[in-house]
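Just the one chain here, the form predicted alone, laid out as structure tokens.
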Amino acid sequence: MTLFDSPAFEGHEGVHAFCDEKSGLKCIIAVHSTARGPAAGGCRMWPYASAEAALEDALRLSRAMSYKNAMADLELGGGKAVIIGDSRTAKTPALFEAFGRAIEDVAGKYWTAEDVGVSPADLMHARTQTRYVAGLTGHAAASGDPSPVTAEGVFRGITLGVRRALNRDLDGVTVAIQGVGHVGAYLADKLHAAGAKLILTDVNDAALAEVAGRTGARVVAPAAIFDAEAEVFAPCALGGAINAETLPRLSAKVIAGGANNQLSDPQIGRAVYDRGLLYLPDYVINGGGIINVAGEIRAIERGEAFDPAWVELKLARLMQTLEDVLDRSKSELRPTHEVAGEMARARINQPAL
């Protein structure tokens, strides 16, 4: 299958591959849409099994960012970068400086921020080579790590989902969180403070022990998280967590988490709906982080200081959009992912408010 034949290529404006032998950088920057503004989306570093796997991930994530930014009513299109490599062993300042030069070569069509395997500290090195980096610290427009804002949006979404599906608040509700990285850890803290009971898993034993220690959570092996007795399943790791093998194992009534591309394919979304589970579409519920990044981009472009009030306004509006998705799904008897996708596509070519 060629690039243009891939279902994930759908609608992409450009796909850019970069290699820097001296630093070891191998990366792909996918730009799905710039209809609403420059493309924006995080950079992921992962030891992909093949270049084809990296490309597929970049394309799917880039398209999801177009949907996410449109649903958050941002003046941004969708894009994503992936770096092929092990973030635990292959990170160097030179690699991220080379990544910064790659971003600069895309000529302002793509803004990057952190994602899985990449930290704001890493991106400080990229920032020495290009201005198109957000989610940093140290200047008036800086917004800092966007993960806490992502977690706040997911927390509000879970609160809404539990109220809709279970007619109760979070106190005493059991939430199974898959992944306690940047977003999952913050989410666990927020849920614990609200009285939820937690079941956690992660491939990083140290991070898992730290979060479990401060939240009193029960820890299970990564493969066992799908069998956990919980009212809410919160995928906060990589994509494709909900698939034909894992869906029948879930006891949860609500699926809501911080991961991107949680459904392995659209047919799984229909199966989720047919089983009576409430799925909160990932690119709606986890839009807080890109809103925070958008606030920084906005401040940079205007020469102003970062405005947290603007971010809160957008986050509150995003939660109303999530309410609209759930209302339409209920009234039209359609899966939430179908309703959200339809809304996102309609918004992509509309101006932001």
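By rigid core we mean the largest C-alpha set that fits within 1.5 Å across both forms. When you see a residue number, it is the position in the sequence shown, counting from 1. Bear in mind that the values here come from a model prediction, so they are computed numbers and not experimental data.
Just so it is clear, the following notes concern the form predicted in complex with a small molecule, a form of the same protein that is not shown.
J.: Exactly one stretch in 71 to 79, 102 to 110, 182 to 190, 161 to 169 has heavy atoms within 4.5 Å of the small molecule in the model of the complex; which is it?
T.: Result for this chain: 182 to 190.
J.: Considering the small molecule in the model of the complex, which of C236, L95, V133, V175 comes within 4.5 Å of it through any heavy atom?
T.: If I apply the 4.5 Å criterion carefully, the residue I get is C236.
J.: If we define contact as a non-hydrogen atom of the residue within 4.5 angstroms of the partner, is N286 a contact of the small molecule in the model of the complex?
T.: Taking the distances in the model of the complex, the answer for N286 is yes, it comes within 4.5 Å of the small molecule.
J.: Check S143 for me: does it contact the small molecule in the model of the complex (non-hydrogen atoms, 4.5 angstroms)?
T.: Judged by the heavy-atom cut-off of 4.5 Å, S143 is well away from the small molecule in the model of the complex.
J.: Look up in the model of the complex whether A259 has a non-hydrogen atom within 4.5 angstroms of the small molecule, and give yes or no.
T.: Because a heavy atom of A259 falls inside 4.5 Å of the small molecule in the model of the complex, the answer is yes.
J.: Is A121 near the small molecule? Define near as a heavy atom within 4.5 Å, in the model of the complex.
T.: Close contact is absent here: in the model of the complex, A121 is far from the small molecule, nothing within 4.5 Å, heavy atoms only.
J.: 2 Å or more on the CA of V284 between the shown form and the other one, with the rigid core superposed, yes or no?
T.: Shift of 2 Å or more: no.
J.: Does the distance between the two CA positions of V325 reach 2 Å or more between the shown form and the other one, the core being superposed?
T.: V325 C-alpha, core-superposed: shift of less than 2 Å.
J.: On a rigid core superposition, would G42 pass a 2 Å threshold for CA movement between the shown form and the other one?
T.: Result for G42: yes, a 2 Å-plus shift.
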